[in-house]
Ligand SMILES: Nc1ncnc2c1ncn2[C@@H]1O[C@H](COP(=O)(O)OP(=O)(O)OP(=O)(O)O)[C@@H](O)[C@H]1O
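What follows is a single chain, given as structure tokens, in the form predicted on its own.
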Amino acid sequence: MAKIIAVMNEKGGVGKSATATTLAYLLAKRGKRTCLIDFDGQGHSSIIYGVKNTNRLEVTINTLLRRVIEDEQLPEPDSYILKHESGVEVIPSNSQLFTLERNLCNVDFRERILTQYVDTIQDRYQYIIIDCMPQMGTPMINVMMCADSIIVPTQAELLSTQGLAELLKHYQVIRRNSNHRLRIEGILITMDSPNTIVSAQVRGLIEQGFAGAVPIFQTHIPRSIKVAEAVLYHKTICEYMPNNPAAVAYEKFADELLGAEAAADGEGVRAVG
């Protein structure tokens, strides 16, 4: 069964889609069967993976969830999942996803609609990465109910850290009352300018305010205009310019994530033994 990782922050513009798409690419590069679900109506992850004219797509995560809501048969996954040359399989999104909140209003067990869908594809993959929309509501509760863990990208600027406390409150409520397996993999500092006073102060605030409460990745992703430039070529930074400092940092981040996961699995095995 796939491990489901949500890349989530209640503030936009923090490198969320860049992190989700790059992580998916790096997992596939390491031989992991990986699916990327674009769960943001802006469709940025879909665009990065080469989907054009997203609003003309016949099958998106929104249409699939609508079928679940209406108890209709889902199409065969191979008929709609987009297979990227990197090995990542993509379930795209478009602006129709912004209607999901309204469509879920009168649905029984509406917090588990995404879980019902993901259950139908979970055995195809080792990892399912969900690029989330940047606002809390029923769709994001669906993600938290579905996911095994959360990665929280946070830009190294003061305003981008203000949503962390609210996100942690929502996480704690979901974990305590419903999805007991949910955990936070860590806060990932993105768009970091390590030589500036502001970035240093923000890093310090994050480490002082959240260390001990949630993990903080040791790897920081430096600011680079090349990350945005890569999108023009429908590539992640690791494909577009693998020697760029941001690409190198994302490689280290992926290794750190997988290393922590392996260590946790080892602890679990020893505990059972």
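If you're wondering where the values come from, they're calculated on a predicted model, not measured in any experiment. Heads up: residue numbers just count along the shown sequence, starting at 1.
The discussion below concerns the form predicted together with this ligand, not included here.
- Stretch-level contact analysis of 27-35, 57-65, 202-210, 215-223 against this ligand in the model of the complex, using heavy atoms and a 4.5 Å limit, identifies 215-223.
- A residue is said to contact a partner when one of its heavy atoms sits within 4.5 Å of a partner heavy atom; Pro77 fails this definition for this ligand in the model of the complex, lying far away.
- Using a 4.5 angstroms threshold between heavy atoms, Val14 counts as touching this ligand in the model of the complex.
- By the criterion of a heavy atom within 4.5 Å, Val231 is counted among the residues contacting this ligand in the model of the complex.
- Taking the partner from elsewhere, Ala18 is found to have a heavy atom lying within 4.5 Å of this ligand in the model of the complex.
- Residue Pro134 is the only one in 104-138 with at least one heavy atom within 4.5 Å of this ligand in the model of the complex.
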